[in-house]
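Shown next as C-alpha cells: one chain only, the form predicted alone.
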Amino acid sequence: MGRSMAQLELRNVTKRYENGFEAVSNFNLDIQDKEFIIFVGPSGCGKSTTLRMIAGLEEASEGEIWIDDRLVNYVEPKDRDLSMVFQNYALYPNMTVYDNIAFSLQVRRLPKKEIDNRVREVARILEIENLLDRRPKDLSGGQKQRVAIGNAIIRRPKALLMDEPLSNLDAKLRGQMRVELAKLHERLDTTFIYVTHDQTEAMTLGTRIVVMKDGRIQQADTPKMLYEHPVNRFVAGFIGSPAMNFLEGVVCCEEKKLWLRCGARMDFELTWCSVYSVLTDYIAKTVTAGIRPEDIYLEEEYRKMGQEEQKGLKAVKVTVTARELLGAENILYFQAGENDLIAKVGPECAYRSGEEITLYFDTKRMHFFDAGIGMNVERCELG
C-alpha cells in the first residue's frame, strides 16, 4: 500500500481542564516515521488524552503538536491525515463489511474501480475477504476489530492511532491479534501510535514504549531498556509480569565489602552488583532493592548451574504461602522475614503452602532505587 511520511513531535504539550486538573503535563516526545510507539500506564495516567490531542479530538491547553514539520494545533482532525481505531470498533451496523471499509473513500467520491481495488487489497491483508458481504452483527469481536482496522488503513494515513483496540477481546483472541498487529505494522510500513494499560501488549508490540503516570512521561525507551534499566521504582514495578519484588534495606560496609541489610535472614553481599561503585555513596542509607520473580531460583535449579552462574546467588530461607501451576512454569508466593514476595520458577516446583525451603536470589540482577525519590541509583551514576 502506498503511503506518505509521518514524523510527529509533541513539544511541552499540556492538557488542563476548567477545574484546573492537568490530565497531561509538559509532554515532550519525538516519534519517528514507521515507529510502533506505545503509550502505557495505569488508568487515568493521560495516555488516551495524549492520543486524542494528536488526533485533534482534544485541544492542547499548552504546547505544540507537529506532523511532518507542520504545526497542527488548530488543524481539524479530518485534515491531519491520521486514522484512529477505537476500543468499541465504531462500525455502521446497517452496512456490509465491504461498505464499512469503503466508506471513507466513498465519501470522497473516489472512482468505484479504485475503491473496489483498495477494499479488496485491505481485505486480503487482514484476511477477511470472505466476510465482505456480512454485516457487523454477524461478526466475532476479532473480526469486527479487523474491519475497524481496515476502515482506518484504507485511506493510507500518515499514522494509525489505536486506543485500547484489544481490550474487548478475550485473552486468547488478544494474543492472536497482538501477533496480527505486529505483522500488519511490518506490512504497512506505517507509523503506529497505540494506547494500552496492558504492559504485556506494550512489551510485545512496541518498538518504543512511553510509560506514563499522573500525566507525565516516566520513561520512553525500547522494551529491553525498560526491562533491564528502569529509570525509577514506578517503571520497574509496572514493567514485568509478575511485578518486580521490592525490599527495603540499609547499605553497610563490613570487612571491606558492601552489604544490604534487609532484616532477619535477608543480608545480601553486593560484590557482584553492576552498580557496586554507586552504592558506596549510600553507606548507612536506606535503599529499595528490586528483584524480578524470574531472578529467584529453586534449590534444584541452583544445583544445575555452573560455578560462574552461581556467583552472586544468595541463599534465603523462606516460607511458601501459595503456588500457581502454569504448566511450563510455576508462580511461587512466599514470605521472607516480613516481606511477601513472588518467584517465577520451573515446572519441577512441588512445594506446598507452609513449607520452609531455600530460594536463591541473583544479586547480579538486582536493581537499586533511592528510597527518598525512587530514582534508580544507576541514573544517579549517569548524572
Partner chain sequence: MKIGAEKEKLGKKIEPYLFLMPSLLVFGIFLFYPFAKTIYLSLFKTNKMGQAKIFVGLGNYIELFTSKSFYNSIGVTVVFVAIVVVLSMALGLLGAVLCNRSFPGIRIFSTAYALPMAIASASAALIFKIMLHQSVGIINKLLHLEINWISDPKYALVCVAVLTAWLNSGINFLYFSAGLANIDETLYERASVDGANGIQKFFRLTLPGLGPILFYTLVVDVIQAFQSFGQVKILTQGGPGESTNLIVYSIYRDAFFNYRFGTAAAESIILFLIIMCLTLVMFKIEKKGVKY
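Numbering follows the first chain given and starts at 1. This is a predicted model, so every value here is computed, not measured.
What comes next is about the form predicted in complex with the partner chain, which is not displayed.
Undergrad: Is Met244 close enough to touch the partner chain in the predicted complex, meaning at least one heavy atom pair within 4.5 Å?
TA: Residue-level check for Met244: no, no contact with the partner chain.
Undergrad: Does any heavy atom of Val320 come within 4.5 Å of a heavy atom of the partner chain in the predicted complex?
TA: Heavy-atom contact with the partner chain at 4.5 Å: absent for Val320.
Undergrad: When the contact criterion is heavy atoms within 4.5 Å, does Lys344 count as touching the partner chain in the predicted complex?
TA: It does not: once the partner chain is placed as it appears in the predicted complex, Lys344 has no heavy atom within 4.5 Å of it.
Undergrad: Heavy atom to heavy atom, is Asn168 within 4.5 Å of the partner chain in the predicted complex?
TA: Outside the cut-off, so no.
Undergrad: Suppose contact means a heavy atom within 4.5 Å; in the predicted complex, does that hold for all of Lys314, Ala336 and Arg379 with the partner chain?
TA: No, none of Lys314, Ala336 and Arg379 comes within 4.5 Å of the partner chain in the predicted complex.
Undergrad: Quick one: find which of 85-93, 303-311, 185-193, 206-214 has residues within 4.5 Å of the partner chain in the predicted complex by heavy atom distance.
TA: Correct option: 85-93.
Undergrad: Pick from Arg178, His229, Arg155, Arg261: which residue has any heavy atom within 4.5 angstroms of the partner chain in the predicted complex?
TA: None of the other options qualify; the answer is Arg155.
Undergrad: Name the residue from Lys113, Lys224, Lys137, Lys172 that puts a heavy atom within 4.5 Å of the partner chain in the predicted complex.
TA: For this set of options, the contacting one is Lys137.
Undergrad: Would you give me the residues of 97-128 that have any heavy atom within 4.5 Å of the partner chain in the predicted complex, in order from first to last?
TA: Residues within 4.5 Å: Asp99, Asn100, Phe103, Ser104, Gln106, Val107, Arg108, Arg109.
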